[in-house]
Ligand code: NAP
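Let's start with one chain on its own, the form predicted alone, as structure tokens.
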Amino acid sequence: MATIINGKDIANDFCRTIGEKVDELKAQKVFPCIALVNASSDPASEIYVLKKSKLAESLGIKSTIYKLGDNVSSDKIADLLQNLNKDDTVHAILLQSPLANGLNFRKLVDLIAPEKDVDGLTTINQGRLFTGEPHVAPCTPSGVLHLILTVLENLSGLHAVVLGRSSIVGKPMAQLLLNENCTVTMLHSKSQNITEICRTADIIVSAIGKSKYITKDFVKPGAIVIDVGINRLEIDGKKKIVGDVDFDAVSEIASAISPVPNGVGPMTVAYLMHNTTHLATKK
């Protein structure tokens, strides 16, 4: 049976070190602050933003939520982001996705100053990631890599397969693994021979949003499997969150596997706090 990679416990340990860093900054009269901008009325987004705010406050990081709603214009969001860019008391800015219908996330996120781009999603930060220049790395891929490194400290030469090619997870995830000297294969909806390719992987990271898509037929015995998928299903009249991986079956042959929930999710939020603290040190 696979080792269960408990993201919740790992994130809690990581947050303790972040809290210590926050205390050090405050002793130097630096007070980390994150602005959380939510431009939609999506219930899940509201829950996520509130969780992020509560974690920030628990670590001594000031957080401010800007709830803009579904009817907000691009111009109003742009004005807010530009004002936050100019505010020296704000170290980090997060534009929560998804945005309300009709709003262009890429256009708006690129208005965030790169030095305050806490989730590493501006074109400038992503470009710096791919060229090896100093950058802010996206939180979810950073959290995934952290989980993998708790299992194996040296990934050099291993074959990693990343399923999904989004700019939020898939592409930066592949680059972070390349930076660890992995041989990386990216698979997506147009890829062929997906099962066969996955079976050659030492590490599988799935971020495709298809419930229980990764079965044990995809997995080489002893592989590390990280499940980034969040799929909301109704089972026996109850709402349940499941990942991309058939957890019970795959855990029989993988060496280590992350669950959903309590896998990648807590690490994403922890890295949001880590990045906020890191950006505060740059002031």
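In this text the structure is predicted, and so the values were computed from the model without any measurement. Sequential numbering from 1, following the sequence displayed.
Heads up, the form predicted in complex with this ligand isn't pictured, but that's what we're talking about next.
J.: May I ask you to choose, among 208, 111, 158, 145, the residue with a heavy atom within 4.5 Å of this ligand in the predicted complex?
T.: Exactly one residue meets the criterion: 208.
J.: If the cut-off is 4.5 angstroms on heavy atoms, which of these, 68, 55, 253, 230, is the one near this ligand in the predicted complex?
T.: When this ligand is considered in the predicted complex, the option within 4.5 Å is 230.
J.: Pick from 77 to 85, 122 to 130, 180 to 188, 102 to 110: which stretch has a heavy atom within 4.5 Å of this ligand in the predicted complex?
T.: Stretch 180 to 188 is the one.
J.: Could you tell me if residue 165 has a non-hydrogen atom within 4.5 Å of this ligand in the predicted complex?
T.: So residue 165 counts as contacting this ligand.
J.: With a cut-off of 4.5 Å between heavy atoms, is residue 72 one of the residues that contacts this ligand in the predicted complex?
T.: Residue-level check for residue 72: no, no contact with this ligand.
J.: So, residue 268 and this ligand: in the predicted complex, are they within 4.5 Å at any heavy atom pair?
T.: Flag for residue 268 set to yes.
J.: Do residue 197 and this ligand share at least one heavy atom pair within 4.5 Å in the predicted complex?
T.: Flag for residue 197 set to no.
J.: Is it true that 140, 213 and 264 each have at least one non-hydrogen atom within 4.5 Å of this ligand in the predicted complex?
T.: Yes.
J.: Along 20 to 55, which positions have a non-hydrogen atom within 4.5 Å of this ligand in the predicted complex?
T.: The stretch 20 to 55, when checked against this ligand in the predicted complex, contributes no residue at the 4.5 Å heavy-atom cut-off.
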